[in-house]
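One chain comes next, on its own, written out as structure tokens in the form predicted alone.
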């Protein structure tokens, strides 16, 4: 069988990233407290199903031909995911990701109310409709205390397996100010998922704001994520929180080997800067980080693909993700073709089952 992305999968596959979104903010209003309902309705606030322009409707990457022909993307209701992802692929489970709150305004109180509403909408409209679905909860990014409170509120729900955070921030996630949020996730045995994109007001590169969509798209899934990995490792997050598991969602993986090589080399020379590291940075990354298999920026030569995968133990570090409804080309098929049978089983199911504690 094949999924709507054209990827061949089999019975028992786990999809680590399927996008969903409310069609309009009206779907979230029933899950808001009375004050915030009035705030939204009288203020005429909206929510961007396209996540603030991250996925322009006419951009080729925004939807596969099948999803585009369906007329609504990302999925607006569980029936869409059931018909286009779960059933065609005979999936064992799929992890939902809703990024609609990533670009909410800069009112921290409203952001806390909005993320709470998104989470309650996910539980009521999605998790209760199909036992194969799991969800990534969203939390405020402007108020760490509110984020911790939201994790405490629903972090033990059996359908919640992840706290999803934008990879694009005003301060890297390894920064001390975020430690309480990461600790709460680890204590509730939740994966922390860093997803491409985030607040559009934050610069996408170390040298400032981008000036084209192409530059912005590249920066979100290739440049910023490397800074986040470096921050989490060097600032001692994993030393302090040894149970913390991180998933890099829709951030690619072709950049990883070069980063780990350079990371280890420089650490050998300046290790005194980070005395809390008990192993090579590359070993810490392998221990605490997994990456989704889409997008896969790989060469067309099968021999070169295999050589590249061996540089970072891809069979152990990658988790299958359709990234439905987005279209990232044929790189994913080249990835699966280069894997051994054991690696294929791990990438399609085993790695995600272990990372998300799916049994």
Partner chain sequence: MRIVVSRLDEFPPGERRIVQAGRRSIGVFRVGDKFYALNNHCPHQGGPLCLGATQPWVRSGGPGEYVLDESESLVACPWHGWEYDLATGQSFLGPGEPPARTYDVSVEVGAGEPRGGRMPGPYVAETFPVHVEDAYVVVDTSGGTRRTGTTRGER
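Positions refer to the first chain, counted from 1. Bear in mind the structure is a predicted one, so any value in this text is a computation, not a measurement.
This next part talks about the form predicted in complex with the partner chain, which is not shown.
Enquirer: May I ask you to check whether residue 245 falls inside a 4.5 Å heavy atom distance of the partner chain in the predicted complex?
Expert: Result no; residue 245 lies far from the partner chain in the predicted complex.
Enquirer: So in the predicted complex, does residue 235 come within 4.5 Å of the partner chain, heavy atom to heavy atom?
Expert: Result yes; residue 235 sits at the interface with the partner chain in the predicted complex.
Enquirer: Taking the shortest heavy atom distance, is residue 179 within 4.5 Å of the partner chain in the predicted complex?
Expert: Flag for residue 179 set to yes.
Enquirer: Just checking whether residue 261 would be counted as a contact of the partner chain in the predicted complex - the rule being heavy atoms within 4.5 angstroms.
Expert: Judged by the heavy-atom cut-off of 4.5 Å, residue 261 is well away from the partner chain in the predicted complex.
Enquirer: Hey, of 208-216, 122-130, 251-259, 268-276, which bit sits against the partner chain in the predicted complex at 4.5 Å between non-hydrogen atoms?
Expert: That would be stretch 268-276.
Enquirer: Taking 4.5 Å between heavy atoms as the contact cutoff, choose which of 187, 240, 77, 87 touches the partner chain in the predicted complex.
Expert: For this set of options, the contacting one is 240.
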